[in-house]
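Next up is one chain by itself, shown in structure tokens, the form predicted alone.
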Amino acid sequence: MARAIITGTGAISSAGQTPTEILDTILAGKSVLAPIATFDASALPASLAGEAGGSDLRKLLPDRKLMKFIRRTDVFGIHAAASAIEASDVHAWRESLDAEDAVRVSDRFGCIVGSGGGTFDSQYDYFPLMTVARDDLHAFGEELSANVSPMWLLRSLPNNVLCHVGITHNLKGTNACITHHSISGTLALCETLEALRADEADRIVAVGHDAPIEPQNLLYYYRAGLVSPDGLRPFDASRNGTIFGEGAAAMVVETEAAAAARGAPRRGEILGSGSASEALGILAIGADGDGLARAITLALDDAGVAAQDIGMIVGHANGTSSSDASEARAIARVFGAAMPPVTGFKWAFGHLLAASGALEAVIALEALHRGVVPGIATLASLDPDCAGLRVSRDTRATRSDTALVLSRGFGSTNTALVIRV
């Protein structure tokens, strides 16, 4: 069975535009969650977020003309993928090949993307038209082309990152676009592992991206009791919800043989993955953490490692009451006395939904290289419901070179990913 070697990574969030910058922000104990600046959020009951990319997103794109055809979330995904591909140095190697070999490389170079399912702002282009039409469907149709861009559909496609990354980098191999709420990014990495094992490709760039910060999304999540108005405090007794962030992360992953053939830089390895659902409902979470515990067990078995081999757990740690408590129980159920240090990253840059698992895997890899388990700076008092969880405000040393990254999503879905440096 082919091993999955990580040869390049890229990331962008409100905490930085590279994996190194983001981890530095976390290790400094700095949360970059701030009042929303991209639109007027003053009337919303929750207005904090982790906005990424600065004032001019065009600077993040290899081709600035793409802005006409894509959304904000796509910019982040394309940027992260390009950064990972550049870090892998695969282009320079491919350009050194003769034409026939270069074609074979492209045919065996895939792209798998975890994308958000879309937010309400994709419909905002229709608001002026609805005003002009004044509830008259005939007028709506007559004025459609004058009020809504003919590029609306192309801009709204959930697979834009998959398409444009493939076109830009000449990737003709296996491809997929996964839209599965907060586990999308992790599933992109899981599918990448399986595609390489199945000999569907020699190398794949896996991407997770999302930009959920928009008015209706915020309002509806808040009314569902999921969004905090004042801070993200995972596992803390005072936690009261999550806070949105935006951005993307990517990994170039190759079979061991493909990486060795070109003398590729080795950043790490994906060892195994697991996924399980509790099948309870859209928002329901099992209090005992059964689904997540089963996903963890599947991942450990798939990776061929024991609980005591894990040196760090990066929790989903989204700051909501039921998720944090059940996550703590799931970790305790699997690891017991063998529990390694546990941490989480969302407190620093927010919950990126579809991008969260991919970003946290990239940052976990960076942390493993430094031999550190970053602290959770917003942790003041561990909730009794999370008792026994080995979390801390302080940076600690990793127990080994292997990390477990956890992600959870709507529909009581759970994923676990095991990576090693």
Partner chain sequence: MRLRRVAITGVGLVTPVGNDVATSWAALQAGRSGGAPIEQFDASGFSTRIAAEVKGFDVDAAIDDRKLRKFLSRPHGFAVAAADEALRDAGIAPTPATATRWGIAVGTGMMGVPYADLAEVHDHSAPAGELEVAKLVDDPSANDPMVFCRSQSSAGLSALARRYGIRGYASSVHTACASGGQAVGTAMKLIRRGNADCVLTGGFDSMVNPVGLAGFCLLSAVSPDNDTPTRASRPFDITRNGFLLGEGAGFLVLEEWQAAKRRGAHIYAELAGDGNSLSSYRITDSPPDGDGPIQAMRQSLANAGMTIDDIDYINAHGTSTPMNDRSESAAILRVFGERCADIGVSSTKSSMGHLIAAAGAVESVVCALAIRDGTMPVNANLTEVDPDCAHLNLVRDTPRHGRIRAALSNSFGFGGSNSCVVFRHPGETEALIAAGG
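Just so it is clear, the structure is predicted and the values come from calculations on it, not from any experiment. Numbering follows the first chain given and starts at 1.
The protein also exists as the form predicted together with its partner chain; that form is not presented, and the subsequent description refers to it.
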From Gly241, Pro341, Gly166, Gly272: within 4.5 Å of its partner chain in the model of the complex by heavy atoms is Gly166
Which listed residue (Ala99, Ile282, Ala257, Ala287) meets the criterion of a heavy atom within 4.5 Å of its partner chain in the model of the complex?
Ile282
Please name which of the stretches 232-240, 217-225, 309-317, 342-350 has residues with heavy atoms lying within 4.5 Å of its partner chain in the model of the complex.
217-225
Residues Cys111, His181 and Leu187 all lining its partner chain in the model of the complex, heavy atom within 4.5 Å:
yes
Interface membership of Arg329, its partner chain in the model of the complex, 4.5 Å heavy atom rule:
no
Does any part of Val90 reach within 4.5 Å of its partner chain in the model of the complex? Heavy atoms only, please.
no
Ser156: heavy atom within 4.5 Å of its partner chain in the model of the complex?
yes
Does Ala261 reach its partner chain in the model of the complex if we count a contact as any heavy atom within 4.5 Å?
no
Given a 4.5 Å distance limit between heavy atoms, list every residue of 362-380 close to its partner chain in the model of the complex, or none if there are none.
none
